[in-house]
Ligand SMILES: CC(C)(COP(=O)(O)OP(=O)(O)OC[C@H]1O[C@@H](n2cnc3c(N)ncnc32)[C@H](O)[C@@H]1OP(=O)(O)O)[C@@H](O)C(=O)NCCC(=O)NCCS
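First comes one chain, alone, set out as structure tokens in the form predicted alone.
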């Protein structure tokens, strides 16, 4: 292993996984050398093949081997429907918290009293204002803006250019879509989602999906994934 950088394996593939790997390489080119992306764990692509230049090192069944070898991990397998099941998959991997990589791209702004949990990724041009707390394994994608004094749970996904106001209470597993906007002083229940381009003016209950301008209830997220074998191959 490279002694000058901590080697991180991305759990996932094309999509969230590949763009995060690219951001880590960009950070290295800028002289930020804490992390080095070395490959993927993916159940669909054969070991030895590659995803945009990085090798597939094995499947999720190999997680224990790489954990014992001292590698770090970033988990990227999320989706709107069945989010709770994807989080359950993560829990089954039993990765020690101290081996969950916190990657913050050097082009991001993070206020000095923001708390970021284990395994969270902060991509380029993100802005996170003071007093905000972010749980573990969140993905905050490029150009997202998060206001001050928010309480954000674990395993949340904030898509590119999403914009969140202040004093929000956001549960675990929440998804905010591309270019969506959330007004201040709202509560978003766990596993809820806001569609791309939406403008949210009201609270969202657990498992609800809202969309539109202004955003309105669309449907509840599907839960039949709880009864099916886990497909842990997607990068989203």
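Because the structure is a prediction, the values reported are computed rather than measured. Numbering follows the first chain given and starts at 1.
Quick note: we don't show the form predicted together with the named molecule, though the next part is all about it.
Of the heavy atoms in residue 186, none are within 4.5 Å of the named molecule in the model of the complex. Residue contact check for residue 219: one or more of its heavy atoms lie within 4.5 Å of the named molecule in the model of the complex. Contact check for residue 201: every heavy atom lies farther than 4.5 Å from the named molecule in the model of the complex. Although the partner is absent here, residue 58 sits far enough away that none of its heavy atoms falls within 4.5 Å of the named molecule in the model of the complex. Each of 159, 178 and 196 is positioned with at least one heavy atom within 4.5 Å of the named molecule in the model of the complex. Residue in contact with the named molecule in the model of the complex (any heavy atom within 4.5 Å), chosen from 54, 63, 209, 168: 209. Contact with the named molecule in the model of the complex, defined as a heavy atom within 4.5 Å, holds for exactly one of 80, 95, 163, 104, namely 80. Only one segment in the set 66 to 74, 29 to 37, 169 to 177, 45 to 53 has any non-hydrogen atom within 4.5 angstroms of the named molecule in the model of the complex, and it is 169 to 177.
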